[in-house]
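Take a look at this single chain in structure tokens; it is the form predicted alone.
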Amino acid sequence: MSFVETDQLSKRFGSFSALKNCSLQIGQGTIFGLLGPNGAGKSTLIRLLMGFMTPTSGRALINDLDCHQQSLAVRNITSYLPGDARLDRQYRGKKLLQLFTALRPDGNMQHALEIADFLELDISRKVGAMSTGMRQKLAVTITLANDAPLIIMDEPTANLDPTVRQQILGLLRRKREEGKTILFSSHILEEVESISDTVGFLRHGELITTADLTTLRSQHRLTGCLPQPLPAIPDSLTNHLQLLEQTGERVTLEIKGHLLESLEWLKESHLSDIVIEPTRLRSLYEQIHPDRRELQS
């Protein structure tokens, strides 16, 4: 069952297309990771879902509510962390938690205090005296301290060290266990891969593909040495074995399921020095962005 759905959703600013014909579905109680470099359209998609922008064409639905025409109802069931969250620097952290939890009927101050303690956040400080990382932890705490069925977070781990990133990912896993639906954007492949059920790749405003992580984890990349061209792959394996590259004696293949059957044929092909690794998001990303070998982190 889809909790979030877009159909040919587009947003143009003059002649510039920030989002082009984006169609996706996010299942209820799942985590959807939105990947792409800066300028790919991640924030535009999120702002359209929140009703902050009017789509040029297409539509978006959250729990069957139209994100543009019923934006207030959408926000009532959504907890949102913007990518540029700005908090009043004159308030102390605890006061802000009190204010924000009181704004929502499902806000929970006790839960906010538990999250702040878990993240080792000193909420007695004024926001103006907090570091960038501390302010980000405070913003995350505010976003998660309620019972909204949908959580949308734009770059939630920005400006945080690896330990705190993992803590926040753990909090999101806990929310998924409670049945919440989560959409979050990032440009860090590893954290998206570690937590998402499904990922979507945006490039220049286009949703290039979506990938199911369970399916992706069943795929493998194999490299080895072969002094002659690889023999033709038999018909029985063409759906499971693909030659990605052969440079000199170095051969790279992708195996989709049927690992043992593929290995038996490759053994007969005299492939040596074989290395097998699970297919990762990075290999899929490199196919989509061949000119960029890795994302910035």
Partner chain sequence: MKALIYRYTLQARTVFLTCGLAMFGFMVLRVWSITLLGSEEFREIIKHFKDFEKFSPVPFSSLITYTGRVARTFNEPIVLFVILTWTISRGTDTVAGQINRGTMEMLLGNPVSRVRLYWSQFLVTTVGTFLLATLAWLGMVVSVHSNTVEEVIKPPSISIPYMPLEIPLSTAEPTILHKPMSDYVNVWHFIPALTVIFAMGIFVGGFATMISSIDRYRWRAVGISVGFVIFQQTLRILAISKPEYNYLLNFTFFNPFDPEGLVNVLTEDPEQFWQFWQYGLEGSLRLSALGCHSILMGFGILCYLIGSLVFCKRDLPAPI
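Please read all numbers here as calculations on a predicted model, not as lab measurements. Numbering follows the first chain given and starts at 1.
If you look for the form predicted together with its partner chain, you will not find it shown, but the lines that follow are about it.
S.K.: Looking in the predicted complex, any heavy atom of residue 84 within 4.5 Å of its partner chain?
M.R.: Yes - in the predicted complex, heavy atoms of residue 84 and its partner chain come within 4.5 Å of each other.
S.K.: So in the predicted complex, is its partner chain close enough to residue 233 to count as touching (4.5 Å, heavy atoms)?
M.R.: So residue 233 does not count as contacting its partner chain.
S.K.: Can you work out whether residue 61 and its partner chain are in contact in the predicted complex, taking contact to mean some heavy atom pair no more than 4.5 Å apart?
M.R.: Result no; residue 61 lies far from its partner chain in the predicted complex.
S.K.: Might residue 50 be said to contact its partner chain in the predicted complex, defining contact as any heavy atom within 4.5 Å?
M.R.: Flag for residue 50 set to yes.
S.K.: Pick from 188, 139, 226, 113: which residue has any heavy atom within 4.5 angstroms of its partner chain in the predicted complex?
M.R.: Selected residue: 139.
S.K.: Would you kindly say which of 209, 215, 76, 166 lies with a heavy atom within 4.5 Å of its partner chain in the predicted complex?
M.R.: Selected residue: 76.
S.K.: Would you point out which of 195-203, 170-178, 215-223, 103-111 contains residues with a non-hydrogen atom within 4.5 Å of its partner chain in the predicted complex?
M.R.: Going through the listed ranges, the match is 103-111.
S.K.: For the spot marked by 91, 95 and 143, is every residue within 4.5 Å of its partner chain in the predicted complex through some heavy atom?
M.R.: Affirmative, all three are within 4.5 Å.
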